[in-house]
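What follows is one chain in structure tokens, specifically the form predicted alone.
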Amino acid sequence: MTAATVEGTGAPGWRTCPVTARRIDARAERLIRVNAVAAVVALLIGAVAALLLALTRWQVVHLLPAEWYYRILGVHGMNMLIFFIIFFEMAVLWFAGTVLLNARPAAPRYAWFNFGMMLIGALMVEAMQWSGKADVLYTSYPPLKAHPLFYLGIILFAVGALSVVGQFFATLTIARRERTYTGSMPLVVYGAMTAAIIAVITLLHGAMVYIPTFLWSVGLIDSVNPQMYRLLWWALGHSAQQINVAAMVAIWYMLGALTVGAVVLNEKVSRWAFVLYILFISMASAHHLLVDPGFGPAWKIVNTSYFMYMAVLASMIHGFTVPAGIELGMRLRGFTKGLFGWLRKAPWGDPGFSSLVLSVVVFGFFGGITGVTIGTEQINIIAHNTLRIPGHFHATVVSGTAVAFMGATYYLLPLIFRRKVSFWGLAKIQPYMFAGGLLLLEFGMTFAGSFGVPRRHWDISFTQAAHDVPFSPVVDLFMAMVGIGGIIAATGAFAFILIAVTSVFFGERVTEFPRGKAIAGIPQGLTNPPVHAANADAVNAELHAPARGWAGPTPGTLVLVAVFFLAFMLYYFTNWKLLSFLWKIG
């Protein structure tokens, strides 16, 4: 315990949250704060880079010269896919392991050492990239070679993150031993634990690939096998995004409960879906290797079909239980009219709720459908290394994970930083701006990629090439969508950063959460917590009555699921049809 007494309890080092009544350790609270701030700084750098890239891929503007385009592309990848996401996930682990379990953190002083290691590693990578000593892109495939400090920085960052994950597991052990909670582990914490287990698998692969590469860069070993590098690197580069998926889903469940009183339809099913993530989701990395000649067809088919489909099943379970839990929670609060009365009456002005819905919808409909499709071995032939690939992962990592993290931030600002959300009017529209711009960008990328536009090339017009590569004139429209969507999305990201930074450092301090009042700067889920109706048991019995037949208690969600499956079948069939044209079949 710290010597200081934290306001609100009289107990040394603790305070009691006035909304959740949970005890919060001051040391854990500080760790949550610094990791969240570091994540926002990385988001700022990545968003600036994203804007520059979007204005370069838009051929009418074509902003950056080739050298700076590829340099900024590497900066964007590292900041968005590694630093922003993992710093925020470290904040999530400290939050889930301590606040949600009323527990004290394990070895908090050592946690500052780990945070320092991650921060120093990130700064080393930034310095090497911006100085032009690491123009190897996000993937850094050999024989491209960066300065040794680039690889060393990534190793330090990964070791620091892996150590924090170890502390998270130790914190869970402390909570269980000291009985800081009763019953089974809360589902949100269970999801965070899933993300932590996947992080261990991911970061160990990172060590396996980057330590030899570092030794190669300093001349201690002669070469790195490019094929083995690609295999191990994608177990890091793609699996790192599976950490995001597990953390994102955990946040879905948390935001659903905070914003509308969502219920979990069946905890055992949801927990088993998380277990499927642990066992199978990292195999999705193989879709980046489907056109590599060094891997046999049996390996490719097993990884991208039979096993990976178990991870797809897990996502489909969460993709149903989260919106169904929202619908049932709203109906138990009395919003029972029609198929979608519960949806119309939802708090769309709450940025936490709008972020939740946008994350679920875009991740599921766009990211999920495109991911399963391009992960099919045969279809991957016409999608690999085209703009369809970033179109897909922007829908998952950005429209899914980043939007969910933003929604969580709007609740963490009052709860953890104890500050009102600044620019409240802007905060209400920020999720729509960010997600809407991304959706336009993702559509542009996906359809441009369907016409063969390459994934990373600086100049798709090939103006200085010996041979012309003509594209359909409609590609100009799709690339304009990429540029315009990128501008809108970057504006939404900058708005979020402005809101977060101003709130943390200059925001009005929150001392209480008056119930039943709408207060600008505090999400409604904190001042007017969703409570099920007094007759909720009777409503629940009526919703589950046999007379309702197949519709059950969540008829609206079942309709949305049917729409999803129709969209899935149509897109999947269309891709097989395009493949048959390429192969001249039929």
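In this text the structure is predicted, and so the values were computed from the model without any measurement. All residue numbers refer to positions in the sequence shown, first residue = 1.
Separately, the form predicted together with a small molecule exists; it is not shown, and the next lines address it.
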**Report entry** Sole residue of Arg418, Lys145, Lys337, Arg455 within 4.5 Å of the small molecule in the model of the complex, by heavy atom
**Finding:** Arg455
Query raised in the report: Which one of Phe214, Trp424, Tyr138, Phe447 is close to the small molecule in the model of the complex, taking close to mean a heavy atom within 4.5 Å?
Result: Tyr138
Query raised in the report: All three of Ala324, Arg344 and Leu558 touching the small molecule in the model of the complex at 4.5 Å, heavy atom to heavy atom?
Result: no
Report summary line: Assert contact_stretch over 152-160, 408-416, 385-393, 88-96 against the small molecule in the model of the complex, heavy atom within 4.5 Å, equals 385-393
Requested in this report: Tell me, yes or no, whether Ala122 is in contact with the small molecule in the model of the complex, where a contact means a heavy atom of each within 4.5 Å.
Outcome: no
Report task. Answer for Ala235 alone: is it within 4.5 Å of the small molecule in the model of the complex, judged on heavy atom distances? Result -> no
Query raised in the report: Any of the heavy atoms of Ala489 lying within 4.5 Å of the small molecule in the model of the complex?
Result: yes
Query - Distance check, Met80 to the small molecule in the model of the complex, heavy atom within 4.5 Å - result: yes
